[in-house]
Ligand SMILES: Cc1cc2nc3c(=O)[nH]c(=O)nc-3n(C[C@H](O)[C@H](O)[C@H](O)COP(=O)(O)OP(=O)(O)OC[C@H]3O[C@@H](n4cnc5c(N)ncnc54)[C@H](O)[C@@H]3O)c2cc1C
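The chain below stands alone and is given as structure tokens, in the form predicted alone.
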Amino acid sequence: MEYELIVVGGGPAGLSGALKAAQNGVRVAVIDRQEELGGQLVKQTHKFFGWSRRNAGVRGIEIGRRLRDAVLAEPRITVFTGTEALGYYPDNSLLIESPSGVSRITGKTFLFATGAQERMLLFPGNDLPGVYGAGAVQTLMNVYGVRPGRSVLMVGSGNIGLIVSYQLRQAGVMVRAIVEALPQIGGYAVHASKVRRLGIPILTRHSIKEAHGREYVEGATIWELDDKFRGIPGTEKDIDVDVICLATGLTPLGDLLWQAGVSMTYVPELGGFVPIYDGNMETERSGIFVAGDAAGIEEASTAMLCGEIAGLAVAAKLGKIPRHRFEEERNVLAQELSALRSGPLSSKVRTGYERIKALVQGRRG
């Protein structure tokens, strides 16, 4: 099986890239391990921010449905769901495992939109049943309709922690507190205000000390942190919970990028090791593109824009569209991307991307 573009990852970035490439004449294969396309969007019941052209006021599950329907209706896209990408090989092939068995497909170009994994914290009892990542809790509630427990301690006040706390209360689950190691809340004020109105306290400069329980979580101890993020003895407080939910950030999944020999660099502002790539989302390995959380932890809205830029760049690289048209359309997308990243909470992300840009320019210079 040969394709002009192989997209690994059927989330917002991968689907947006596949659509943009296919709409410009590229034959595309989309590979995703889940049975349903959409990635994180399938469990995001909250409404997006931004502006109307970029899904402002639309719930993530609806955005995912629109992308999924558009991809399935596009004749140039072949979809492989329930399929795992096992490895990349130097002959531009990918070993995949689907319900029908193991096979190999080849591509002229690749877009790795493999997403991210949740970070865990080290503390006594962190391996007890009842300690979840926030994404797992969101999946249980919003995809399967299962309450994770009766009473929750949320660790982390970024947007994910705040949104999942609100959704837990909507599901009838008590959220005893949200603890945040930093001196300020990490997410949008609108989300923080919503959970505070529900009576959920947000404790900054606090973290979890340990979890209690023999066979599962039966409680937790939190404590205050000093300026060096060390626990302050004597400030401990016990909380009666049966779930500890960790919303402590994400780390890009770059396994296939490492296998492909892509140059990687550690950028803490982007979540960890990310590939070095240019403004077209192309890595230093010609024909290998990246988008979404695999390129740096960010919001779904920007992931979709980066996917579109990558898909457009693939079409130009394969000669499907003239260079002048590519540059015109790419500039429009780049301006929208810059606008989405212009807010104060995106300052860390902007710093990270400036570091990537400086590396690219330095190597070319």
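A residue's number is simply how far along the shown sequence it sits, counting from 1. The structure presented is a predicted model; accordingly, all values stated were derived computationally and were not measured.
There is another form of this protein, the form predicted together with the named molecule, and it is not shown here; the text below is about that form.
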query	finding
One residue of Leu168, Ala220, Ile160, Met154 in contact with the named molecule, assessed in the predicted complex (non-hydrogen atom, 4.5 angstroms)	Ile160
Heavy atom within 4.5 Å of the named molecule in the predicted complex - the one residue of Ile202, Leu253, Ile276, Ala136 that qualifies	Leu253
Contact test in the predicted complex: Ile178 vs the named molecule, heavy atoms, 4.5 Å	no
Contact label in the predicted complex: Gly311 to the named molecule, heavy atom within 4.5 Å	no
is_contact(Ala300, the named molecule) in the predicted complex, heavy atom dist at most 4.5 Å	yes
The named molecule contact at Glu84 in the predicted complex, heavy atom, 4.5 Å	yes
Contact segment among 222-230, 123-131, 106-114, 265-273, judged by heavy atoms lying within 4.5 Å of the named molecule in the predicted complex	106-114
Stretch 1-20: residues contacting the named molecule in the predicted complex, 4.5 Å heavy atom cut-off	Val8, Gly9, Gly10, Gly11, Pro12, Ala13, Gly14
